[in-house]
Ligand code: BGC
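Quick heads-up: it's one chain on its own, the form predicted on its own, in structure tokens.
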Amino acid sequence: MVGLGPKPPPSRKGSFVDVPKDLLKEIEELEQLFTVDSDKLKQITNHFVNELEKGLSVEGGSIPMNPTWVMAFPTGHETGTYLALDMGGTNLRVCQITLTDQKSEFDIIQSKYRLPEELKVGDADELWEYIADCLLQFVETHHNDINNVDKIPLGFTFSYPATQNYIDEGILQRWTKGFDIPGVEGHNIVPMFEAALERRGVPIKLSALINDTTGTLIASAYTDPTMKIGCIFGTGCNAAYMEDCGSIPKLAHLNLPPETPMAINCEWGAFDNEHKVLPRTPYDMKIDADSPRPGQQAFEKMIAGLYLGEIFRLVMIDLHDNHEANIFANQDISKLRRPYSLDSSFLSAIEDDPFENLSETADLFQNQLGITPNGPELELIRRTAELVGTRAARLSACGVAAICKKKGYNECHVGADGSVFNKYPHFKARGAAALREILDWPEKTDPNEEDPIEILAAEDGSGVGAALIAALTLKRVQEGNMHGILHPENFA
């Protein structure tokens, strides 16, 4: 018997045959608003390259291009036990990582702690005390008598735009990911953090403050030496790559050897804050206007998980309130009116619905929003989710292509992490298709053939990456490279 085997996953072609003309018109208008063609992708990428260069210049630009003082890729032979603290947008994660004698191998123990929403807009001391308490709890759980524990080196993943004149300091430029705690921006966060550790008697010494994206780059390169770029496509978005110090004019005054590597944390969510090339829709403009920081993070607001559900929600509200189509007519849409009530997982669920009649989407709207869409409205909902998700993936590829063009990478691996990259349906395939268009690769002859530049799932950047960077920093201090070290005594 031929052809038997695992059943292919259900696919849904979708049909607009039964969609009334007024709704079809709305769908066509949304397609025009949200579709980014190849020429536009190339234009965005070329502007992106210029903005990356500008960020490295003495004058600077919208993209901060922060030097991280991570000055080497790992060899795979690093050893030792380290703690890693990851302060993301929703959780705190504490890890103990042992880099073993086996090349590129490690053991990890970890715990997660929820970051209460009220701490994100509260008092700075309360935030640092909460983090110190979580660390203390972790150390007490995994070390019997903390009074006899030598201070453990810690890599702290602080995933917010920070200026680092040293690897063991970080001056917060601005809060992102819904944080807005007064009195922290413009200040070095390390003394605040260390004071809280001191007050709580936590036996930890901070060796490196890192960004999750830099960690992603280093952790991925630890297991795959062809990894040249680390990216995050999650609640926020960002990239890191290794630059030569000779190509960083804003560091010229330090007289570092020009071929010395320096990991750059791009903070590319701020790309095109001047609104020169990104194809913003009225919905994007509303998100920006209503955000805590209007005029900032223009790129992030179009591609990051925090905003995808909100873009979709604003489209639905607009079509209900201001258009002849008047979707969800005579229904109570009060739940839909709540800002940020839909996250990217809501869109993922819509795009994952395998059924011709979109019954899972209907259930989703009924259960979460108390709305019962009719058949044509379900088609509109599905198409809108596809448009928002596809645009995010295609715009994301512009940043990757820009770094590759700037560095002359014709072939490499890119390590990507984050909930959108890992969980959003078709995000990887849509991003790969956009890269092919931007970089003018020929069509594949073999579908299993690798693309010249492949975006792959990254290693754990904020855990293993943070530990590796602590190890790399310790190693270079021992070798006498004190560049970018504020407190050498912590490395004795």
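Because the structure is a prediction, the values reported are computed rather than measured. In case it trips you up, residue 1 is the first one in the sequence shown, and so on.
Here the subject shifts to the form predicted together with beta-D-glucopyranose (BGC), a form of this protein not shown in this document.
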| item | value |
| --- | --- |
| Per-stretch contact check against beta-D-glucopyranose (BGC) in the predicted bound form, the hit in 285-293, 344-352, 399-407, 175-183 (non-hydrogen atom, 4.5 angstroms) | 175-183 |
| Residue 415 within 4.5 Å of beta-D-glucopyranose (BGC) in the predicted bound form, heavy atoms | no |
| Exercise: residue 128 in contact with beta-D-glucopyranose (BGC) in the predicted bound form, heavy atom 4.5 Å | no |
| In the predicted bound form, residue 161 touching beta-D-glucopyranose (BGC) (heavy atom, 4.5 Å) | yes |
| is_contact(residue 170, beta-D-glucopyranose (BGC)) in the predicted bound form, heavy atom dist at most 4.5 Å | no |
| Selected contact from 229, 237, 264, 84, since only one has a non-hydrogen atom within 4.5 angstroms of beta-D-glucopyranose (BGC) in the predicted bound form | 237 |
| Stretch 337-363 - residues with a heavy atom within 4.5 Å of beta-D-glucopyranose (BGC) in the predicted bound form | none |
